[in-house]
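Before any questions on how it binds or moves, here is one chain, the form predicted on its own, in structure tokens.
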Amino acid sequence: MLNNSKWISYPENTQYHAPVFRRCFSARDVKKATLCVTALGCYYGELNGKRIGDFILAPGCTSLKRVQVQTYDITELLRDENKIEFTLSKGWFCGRLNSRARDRMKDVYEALRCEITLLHKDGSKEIIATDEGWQVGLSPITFTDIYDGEHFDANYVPSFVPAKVQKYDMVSLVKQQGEKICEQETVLPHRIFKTPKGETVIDFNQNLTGYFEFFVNAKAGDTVSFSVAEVLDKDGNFYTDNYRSAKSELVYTCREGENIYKPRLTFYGFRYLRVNSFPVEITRDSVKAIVLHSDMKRTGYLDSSSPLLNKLFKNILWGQKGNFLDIPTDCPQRDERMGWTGDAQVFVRTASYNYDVNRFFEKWLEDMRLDQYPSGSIPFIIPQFWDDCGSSAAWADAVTICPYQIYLTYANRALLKKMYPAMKKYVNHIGTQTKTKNLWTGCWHFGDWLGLDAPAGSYKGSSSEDFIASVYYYYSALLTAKAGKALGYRCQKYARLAENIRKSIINTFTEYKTQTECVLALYFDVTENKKAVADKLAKMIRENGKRLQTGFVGTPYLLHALSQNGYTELAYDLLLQESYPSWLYSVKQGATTIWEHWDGVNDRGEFWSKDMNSFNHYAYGSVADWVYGVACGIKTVEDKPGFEEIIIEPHPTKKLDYLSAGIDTVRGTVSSAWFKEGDSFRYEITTPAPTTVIIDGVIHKVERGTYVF
């Protein structure tokens, strides 16, 4: 791949000034022209002044061990005489966010590699590839970085020198594997207002990930400058402390006349724009927001009789869109934006119902496989952009949980087969680290991260880290055994290991002092007396005013643990709770995405913290999988993955007038809706495959079709 080309770069480190590469060439009597291109960093390409393709931030975010190559048909852009240009940023590969690359690759600059193949009408072929014949200069993008934004000088004229050929062999070249990032929709300003501090702020009424485009007639040298924010403070002023060191700004120096611009090599997480400078009075026609995310097809639909619950469903979708930007980031705004494994594994089932993320996870899990440590442990961010990247239970277990869930949702056996060695390697690794056989003890973990029962000064909940780790050790061993069985391998070793771990957990951890400990004991079936534990969990919740105290580990399974053990109505009480802490609390506070903290903003308008307080953090949106799978009751049969066979067992409540869910599966659309009619319920079910419908304990076997009960 790209065997005729060479890596080329600017002769020296440009810092954060974006280099632009160019080549002029003739192309007469061409039948077809194809471009294959990649970069160390991110690229923006133009042929004869027109953009090449619609992939934003190409070639995407991958492990440092590889880089994706994109292929474009450029036939329609060709003229007899042509000029091709590529502007590069450091991007994910060697930008400010990638401390590992900066430490290990001090002499590696952003670099370009491409080939243009011209197939002439006479059958001859010509290849134009990156080499010493290309020129490079510093572009009008005088500064660009994923964290800090972009500066553009429309009056800047590059001067060009010969490009420098580099012998970069630290990465392998692979065909495009993941979904491309592209522009998805436009959001217009909701209002423009003055803050109490007198600043002009534009409100898009939606926290989103992307960038913005502005339009202005100006004089040469005039400046346009914007900063972004997710929220306002309690006084209504622009607030950016939670972005930490990320500047997230756009600074543009105007040319004479009409100026239209949007960033090309960065992205922002924002709801609000502060107008730092603008040559004329800004209006709602002057600017628009453009939403970016991986090119996923929406497949899941939830609706109810509750406007607040519907807003939560919408916020969950926006949280996924905002954070599924080539990798499943924790947040899209502050100086982080990493592929946190814990967030991904708790949300993967919801993610795979909301959108078609099959290809998205194939690519990200390949990066995980590549970045797995030789020991078998898994870094807590993928790709591994931090050198001090350790391993933690419930985070590293993404290596078993994510591929198995993608297998269940899409019947993706090939992915499961590719990931199976990594799953085994990880489970084997735990056995070498634990201080207690058949448990996982004595190691550092994140615990029940952000649990509300955390001791003062701690981000971790009060749940036992050894218990959490041991439960996940059991779960990963069990999933590895199930994966091996699905693949037709001999996997008794992992089935026996899982059972031995389960027995050890039951014998060792006999008391549960937190909501999360009760939840894990119930959901993962690692307790002898489920009724007593369920009763205790219910009592804890009721004594807390029908409110949760769980963090990142307990929350995804909380409603499941209740509904599986006779407390479905209490699960609905939690789902529909409007007071803090709850899912609907943030909705009532005006949230348009999912918050990192239950109390990111409290009812007095005060912020939880400055250093770690994202307002676009999708993990707690995992509650949607309970709505799909329990409230509406849609489940795939484990040994018939990809919804080859389906179980639909709804659990209605009189607290709602109706609730519906639909999923566009690989077999077709499955939907389940129920409607309250006096003291009864009407169920409307559509299925694309043989289905077991269970209504009030009565089993109905049905084939493909639509049914009413």
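From a predicted model like this one, the values you see are computed outputs, not experimental measurements. Quick note: we count residues from 1 along the sequence shown, nothing fancier.
Just so you know, the form predicted in complex with a small molecule exists too; it's not on screen, but the next bit is about it.
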Original post:
Quick one: of E110, E596, D145, E465, which gets a non-hydrogen atom within 4.5 angstroms of the small molecule in the model of the complex?
Top reply: E596
Original post:
Here the chain is shown alone; which of D343, D367, E517, E230 has a heavy atom within 4.5 Å of the small molecule in the model of the complex?
Top reply: D343
Original post:
Among 369-377, 130-138, 110-118, 331-339, which stretch sits within 4.5 Å of the small molecule in the model of the complex, heavy atoms only?
Top reply: 331-339
Subject >> Interface membership of M612, the small molecule in the model of the complex, 4.5 Å heavy atom rule >> reply: yes
Original post:
So in the model of the complex, does H617 come within 4.5 Å of the small molecule, heavy atom to heavy atom?
Top reply: yes
Original post:
Should Y426 be classed as touching the small molecule in the model of the complex when contacts are defined as heavy atoms within 4.5 Å?
Top reply: no
Subject >> Proximity of Y239 to the small molecule in the model of the complex, heavy atoms at 4.5 Å >> reply: no
